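Only one chain is shown below, in structure tokens, and it's the form predicted on its own.
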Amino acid sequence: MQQTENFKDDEVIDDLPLLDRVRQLVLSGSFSPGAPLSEVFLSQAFEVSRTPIRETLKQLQHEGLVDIRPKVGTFIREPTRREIVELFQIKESLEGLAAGLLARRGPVPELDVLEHNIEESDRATSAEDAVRYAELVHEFHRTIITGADNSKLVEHYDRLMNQLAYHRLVLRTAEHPGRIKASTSEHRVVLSMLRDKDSFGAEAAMRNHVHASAREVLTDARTAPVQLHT
């Protein structure tokens, strides 16, 4: 199998475990959904034998990130439309909860991080830099999750985001006219509620933002259709 996607060795963080490094590569957006993921390519890129690569791919299949087809190969998997709907429902609940918990903590350093994030998002919006904006979206949501100060919440959230392949979805919706600007405005409302220590308002604002993001994803023509099982 020939690997056709572009990949640079300097995109790899060498001090991470192999599983995390391959997972990061799969989620980075370097590969299109359905693209082949060659064991030979991965073993050469990460300078390991094919045996640990094979075990890593089995774990990623368990996580729903790749499809392994016997005697055919391994391919990047994209969630079905139904899976995206269900995962966003859980995302809305988890992030709403996190925002409410963060609001109760008062003036913590995370609020300044979010303020700076929004300022950077405004600059990315002005520059129409979708890639930079996608990075800032990840930082904003991650800061709220970690700011909730609940380790079990973080644990469940990480698995959810991996299954959703969220970075790819953000890159898509950032191309929608007006979405970056609207999203930044939604972030600003969330931060306002957090600074006011309004836990109910923060949770509601965060839920509304995630719901709006879900609508953008589901209206994108590239979102995978529901798979019917017979």
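Between two forms, the rigid core is defined as the largest C-alpha subset superposing within 1.5 Å. All of these numbers come straight from a predicted model, not from anything done at the bench. Numbering starts at 1 and follows the sequence shown.
One more form of this protein, predicted in complex with the DNA, exists but is not displayed; see below.
Name the residue from His176, Lys181, Arg188, Arg54 that puts a heavy atom within 4.5 Å of the DNA in the predicted complex.
Exactly one listed residue reaches within 4.5 Å, namely Arg54.
Heavy atom within 4.5 Å of the DNA in the predicted complex: which of Leu37, Ala165, Ala205, Leu60?
Here the answer is residue option Leu37.
If contact means any heavy atom within 4.5 Å, which of 135-143, 95-103, 67-75, 155-163 contacts the DNA in the predicted complex?
After filtering at 4.5 Å, what remains is 67-75.
May I ask you to check whether Ser49 falls inside a 4.5 Å heavy atom distance of the DNA in the predicted complex?
Judged by the heavy-atom cut-off of 4.5 Å, Ser49 is in contact with the DNA in the predicted complex.
Using a rigid core alignment, state whether the CA of Pro107 is displaced by 2 Å or more between this form and the one not shown.
Stays below the 2 Å threshold, so no.
Could you check, with the core superposed, whether the Cα atom of Thr184 shifts 2 Å or more between this form and the one not shown?
No; Thr184 is a residue whose C-alpha shifts by less than 2 Å between this form and the one not shown when the cores are overlaid.
At a change of 3 Å or more, would you call the C-alpha separation of Lys58 and Lys152 in the predicted complex closer or farther than in the form supplied?
Compared with the shown chain, Lys58-Lys152 is closer in the predicted complex.
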